[in-house]
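Form predicted alone, single chain, as structure tokens, below.
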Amino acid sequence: MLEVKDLKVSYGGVEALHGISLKVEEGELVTILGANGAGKTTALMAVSGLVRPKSGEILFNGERLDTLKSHEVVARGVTQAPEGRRVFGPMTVEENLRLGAFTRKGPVPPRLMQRVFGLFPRLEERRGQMAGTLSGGEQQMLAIGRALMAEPKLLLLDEPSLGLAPLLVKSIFETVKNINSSGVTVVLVEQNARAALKLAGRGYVLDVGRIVLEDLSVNLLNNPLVKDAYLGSAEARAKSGPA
């Protein structure tokens, strides 16, 4: 479904991605791991059309995405829940969700809102509440729900567990699993490596803009390099709770 070929992205004179290549098949849940500054968010932003690659190609079902504007990428079936949630604080939960369907022509079908409320009942309870007054976990639910309103074929999730308590992390990840089981392909960027690898079928490890490992999740969980670099720190974060 998604194929990234030799992708290079620069910010000014600094190259953030040094020719990465990856593939995601339809129906998969694939995770991208790496430390802060590794290039994970940049990779997702390039797929979403939010940053323009220096070179390389991004193909979605055989069609070039890297030449499209971000709203055109959404119209093709690719949406993203960004790091830090980025909800529209002065707008209600329902208004935020409706914005997620902005590429549709005509009224938003009620079934889209009901699907989101089925996944996140708490959002239905707060549909008239200003998004800026929601808790961090509720804002994360809203960010994912907003991305689902465009009925994506491919959902990009950037650090959905960031700053959340362990119980909420478990709940969010269970919902991501359900979304994937419903037929939506998912690419998950996540620093909580152990949780991400238990959820995903395959994974890539980014290090300073380069993919250094690619394997089945079960193999990455048992890889000594991954254990030393990521799994220990993820466990420490889980024990300490949200930042």
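The numbering used is simple: start at 1 and walk along the sequence shown. Predicted model only: the values in this text are computed from it and were never measured.
Although it is not shown, the form predicted together with a small molecule is what the next lines describe.
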{"item": "Contact residue in the predicted complex, chosen from Asn192, Thr41, Thr185, Thr31 - any heavy atom within 4.5 Å of the small molecule", "value": "Thr41"}
{"item": "The single option of Glu94, Glu151, Glu159, Glu138 touching the small molecule in the predicted complex, heavy atom within 4.5 Å", "value": "Glu159"}
{"item": "4.5 Å heavy atom contact, Ala16 to the small molecule in the predicted complex", "value": "yes"}
{"item": "In the predicted complex, Val218 touching the small molecule (heavy atom, 4.5 Å)", "value": "no"}
{"item": "Contact of Leu50 with the small molecule in the predicted complex (heavy atom, 4.5 Å)", "value": "no"}
{"item": "Proximity of Gly37 to the small molecule in the predicted complex, heavy atoms at 4.5 Å", "value": "yes"}
{"item": "Stretch in contact in the predicted complex with the small molecule, which is absent here, among 197 to 205, 41 to 49, 210 to 218, 61 to 69 (heavy atoms within 4.5 Å)", "value": "41 to 49"}
